[in-house]
Structure formats: C-alpha cells, structure tokens
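As structure tokens, one chain now follows by itself in the form predicted on its own.
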C-alpha cells in the first residue's frame, strides 16, 4: 500500500514539473511580458482663472496646457500620457482648499501644480502635504508655503531671496543710496519689501519712506507727489501688473524722474507692458525669465508659447511650464507614484528649464537658480543682468 502511494506521489510530482516547464516556454523564450500600464497619469492644477488676477490665471493655464501637450507629444511618461486636471480658485483661499481636497481624495492625481498666488497656495499646501502628494508652487513666494513638510516645492524664488536680489540690484547695479518703497499690502508685497529693506540697510542704504496699497488701487498721485519731494535715488515697487502700470503712468505724468525697480509681479507682457506703454521704458525688474537666454529650453518655450497664445510669454507662464517639466523629469527617472515623484524632484540637478538651469532643490523644496534682471526697452523686456552670487541666490533651508 505504501509503495503504491509513493509511486502515485512520484507520478504527480513529475506531471507538475512538466506542466511548469511548459508554462516556462523553454527557458523564457516564449514568455509573455506583463501588460504595460497605459492609464493616464493625472496631474492637478489650480489657478485664478477668474477674479482680480485673471490675466495671470489665463497665462498660467495656457502654459500648463502647453507643457502637458509637449510631454505627451514626446512620448509621455515612459509611454503613459499625462492628463491635466485643472480648476479655477478665483484667487480665494477657501476655493484653493476645496480644490486641494478634491484633487487629493477624488481625482486620483499623483502630483499637483499651483499656478496661483501666495495666500491661496499657502492655504492649499498643507492638504497636499498631509495627503503625501507632491505639489510645486509655480511662482507663489511666501516662505511658509514650503515649511510644512517635504512634499511641497517652489519653482520660482522664495520672497526672502528675491527681495534680497532686488536690494542687490539697487546697490550694485543702480547705485542707489536712498529708496522709497511702494508695496502691495499682501503676502507678496510684504515679504519682498521686508527682505529688500533688511539687505539694503545692511549695505548702508536708507529707506526714506514705505507706503502700502491694495491690489485694486488706482490712484497714486498723492503718494508719488510725497516721494517726489523726498527725492530718493530709487523707487522699489513689489506689486502686480495692474497697479504697477498705474504707478508707471502716473509717475510719468508727474515728471517724477526717479528710477523704478520692480519684481516678477510686473513681468507681464499683456497687462503691465500693454497698459503702461512707453511710460514703462527704463523700469528694471528682478524675475526668473531671461528672454535672450541661449538655452534651448528657454527659446523653445518662448517660440511654442508665442505661437499658441499669439503673444509673448511672461514669468508666471514660464514658471508654470517648468513645474510640469520638472515633474515629468522626476517621473521618467524615478517613477510615477507620489513618493517616488517627491524623491525624484530632490534628485534633480543642473536641469535645463525655460527659466534657466535649475541647480537643485534644498531640503525645504526651494529651488536654486540664477536671478534674472530685465529692463523695459521700447515696450519689451530685455536683458539687463544676471545674479549668480551664491549669497543672493541660495534659498534658506529652514
């Protein structure tokens, strides 16, 4: 009885061996590959498409669509197409929070890009961090945005770095010893004005006045008249395109004759340059887009965006476009799951982007790259200089 059982067991083992060998296809020559994952990779996006910042919202939305189209036309992410999941935050923090919750719980995104301002991005950032889904802020500059954890990054300069860069331009390029500050009264304007003042005064400069205004202010004659009497060497104006254009026009009407220094907030072709017209000529700005860069990524972006939008791009468009290109690079090299995307962004070094060479991201998720300085000439932004000084361009890591 025992020998019969042993014989039956031996026959069963041999049969199973032959079956497994047949499945193996003779050493793997006929083995079928596992089915490739062809599902779209969803990337979330929010921007102020309506409301007081609609001009920027339109610009960044076009840039986001252009970036996704470019990624998909060049093979997608390792054969998978990218799908844009976009929302309008109306420049309202509560809307940004609601959008972030939807993107992280219902829409199935693996990463997100903020094409919005500091206060809306700041409200949304903790939601992405808690969900462990990487988010890149295109141009929102408040320092607190990246401080909540390691899943939130910034593509443009943190406000403390750009304000310092502005003061560097004032002292070293424009030779100013006295400055009047006109800043929009929000996260953007306050952060830039504070950091500018700190660096400018540390170099022996004097701030003779500082005035604040809302982002919908239209009348600047009284404050400009006061500044004219103070006779500073320079006016520093961290503000946006609409108010910046009004300041430029009214300063010309008053024959102010004082050099003006702006920031990336007025780096706008369709709103600032179009409205300010000839009165903008001579204004210098700190920004992260050098229109005359020889980099292939920069020139391709300018060409493609101009053909699509029928007008030249601005800083917010370039910064937004780069967010998607950075995500694509991270996913191609490290994987398309949220944690792998996050790790992949931290690994990026010396990456050629539309806004210049990205040297890398520090532990806070802050980007390091050269600060561009542009001047308005004949109604267009042109090269004025580039800041490469490590003391200026290196973002804080705490």
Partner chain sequence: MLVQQIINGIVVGSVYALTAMGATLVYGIMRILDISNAGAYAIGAYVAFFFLLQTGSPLVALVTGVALTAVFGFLVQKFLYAPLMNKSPNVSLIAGIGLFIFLQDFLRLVAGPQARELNFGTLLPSIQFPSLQLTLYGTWFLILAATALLLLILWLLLNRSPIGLAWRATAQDLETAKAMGINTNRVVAFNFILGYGFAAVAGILVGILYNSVYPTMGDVPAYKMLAVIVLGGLGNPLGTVLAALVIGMAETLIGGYVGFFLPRDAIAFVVLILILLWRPQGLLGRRRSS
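Residue numbers count along the first chain shown, from 1. Keep in mind the model is a prediction, meaning the values are calculated, not measured.
As for the form predicted in complex with its partner chain, it is not shown, yet the points below apply to it.
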* Tell me, please, which stretch of 118-126, 249-257, 232-240, 191-199 lies within 4.5 angstroms of its partner chain in the predicted complex when heavy atoms are compared? => 249-257
* Should residue 281 be classed as touching its partner chain in the predicted complex when contacts are defined as heavy atoms within 4.5 Å? -> no
* Asked: Does its partner chain get within 4.5 angstroms of any non-hydrogen atom of residue 217 in the predicted complex?
  -> yes
* With the cut-off set at 4.5 Å between non-hydrogen atoms, does residue 204 touch its partner chain in the predicted complex? -> no
* Asked: For residue 54, is any heavy atom within 4.5 Å of its partner chain in the predicted complex, or not?
  -> yes
* Asked: Among the candidate residues 41, 68, 49, 373, which is the single one with a non-hydrogen atom no more than 4.5 Å from its partner chain in the predicted complex?
  -> 49
* To do: Answer with one of 83, 144, 107, 211: the residue that has a non-hydrogen atom within 4.5 Å of its partner chain in the predicted complex.
  => 211
* To do: Enumerate the residues of 269-285 that have a non-hydrogen atom within 4.5 Å of its partner chain in the predicted complex, in sequence order, or give none.
  => 270, 271, 274, 275
